[in-house]
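To begin, one chain is listed below as structure tokens, in the form predicted on its own.
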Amino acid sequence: MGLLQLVAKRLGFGLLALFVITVLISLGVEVLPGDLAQSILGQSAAPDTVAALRRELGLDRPLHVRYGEWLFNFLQGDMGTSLANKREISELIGQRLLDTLFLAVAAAVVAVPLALALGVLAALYRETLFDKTISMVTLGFISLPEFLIGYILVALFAVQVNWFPAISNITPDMPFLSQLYASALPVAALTFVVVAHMMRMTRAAIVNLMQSPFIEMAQLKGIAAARIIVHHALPNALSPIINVIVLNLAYLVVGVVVIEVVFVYPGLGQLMVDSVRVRDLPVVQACVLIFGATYILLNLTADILSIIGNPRLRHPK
């Protein structure tokens, strides 16, 4: 019952957070200079023409009226229609969401095993040159912003050696391997960012457990250090490791926005940025809701896994 209450409480706060996020995004787009009518007609359009198009698009109504109408329709399962091209928003988002998930999943498939392997090796050879080098490199990647890593990869592997395309222009009809090749650089950029967090957490969790009595007993029995870490320390450190992995998966889905813009990747993040540029508020709201809901649900999953893996949290005093 305690776990169910926690889930219900977190879901309630998550719904409240989504509501606040959509309100803030609506206010933010509204205060930006210009609007969709001005973007369509251009800066040289006559004020009367702009005003007429604003009335046709419904932009002359107060923001709270438009937001209330959008929220009411969304709660009934209707995402609405794009003001910029009159297409259904669900149609616009469908393939874009799949492309974003493809990018995030591909990065996770590479990053999670790599982070676990590097974390185990760093713990096995702790305080050695290998451990210090890995720690310095990963700390450097944590410190760099995502867009800078993306531009460095473009400069090195797309411009200098021309191994991969600088623009990740994938289409639904492309073969799977071609999609992987076209998205190699954005996947690498996301991997460099998230693998650092997961690797450092894996190393820290294992090193902390190495001081435990049962680990010391295994060492006294003469068991090899690698076997102790893999068969004894790692299984007992899975709770914090899984927690940080899930949190980084949440970042992968939400943090792809910057990477998609850098590589012109046709995902949901690129659609959101393009919609902000032309002030297409209904599309922006729908994209933000999807990103926000994904982040909140994955964070809730991380909390639940932490409670399940920690008896002290399952049975609080």
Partner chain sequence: MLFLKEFAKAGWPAKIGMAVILVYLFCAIFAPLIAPYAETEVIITSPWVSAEESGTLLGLDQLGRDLWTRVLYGARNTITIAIVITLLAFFIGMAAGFFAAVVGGLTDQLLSRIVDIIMAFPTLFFALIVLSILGTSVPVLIVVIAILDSTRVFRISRALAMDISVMDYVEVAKLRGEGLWWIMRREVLPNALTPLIAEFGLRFCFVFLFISALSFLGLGIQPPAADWGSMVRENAAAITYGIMTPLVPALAIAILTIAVNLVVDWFLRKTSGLRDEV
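Since the model is a prediction, treat every value here as computed from it, not as a measurement. Numbering follows the first chain given and starts at 1.
The discussion below concerns the form predicted in complex with the partner chain, not included here.
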Open item on the list: Only one of 175-183, 114-122, 71-79, 154-162 has heavy atoms within 4.5 Å of the partner chain in the model of the complex; I'd like to know which.
Closed with: 154-162
Open item on the list: Val253 versus the partner chain, in the model of the complex: is there a non-hydrogen atom within 4.5 Å?
Closed with: yes
- [ ] State yes or no: in the model of the complex, is some non-hydrogen atom of Ile21 no more than 4.5 angstroms from a non-hydrogen atom of the partner chain?
- [x] yes
Open item on the list: My question is simply whether Leu139 lines the interface with the partner chain in the model of the complex - judged by any non-hydrogen atom within 4.5 Å.
Closed with: yes
Open item on the list: With the partner left out here, check for me: in the model of the complex, does some heavy atom of His64 sit within 4.5 Å of the partner chain?
Closed with: no
- [ ] Could you list the residues in 257-294 that come within 4.5 Å of the partner chain in the model of the complex, counting only heavy atoms and keeping sequence order?
- [x] Val257, Val258, Val261, Val262, Met272, Val273, Val276, Arg277, Arg279, Leu281, Val284, Gln285, Val288, Phe291, Gly292
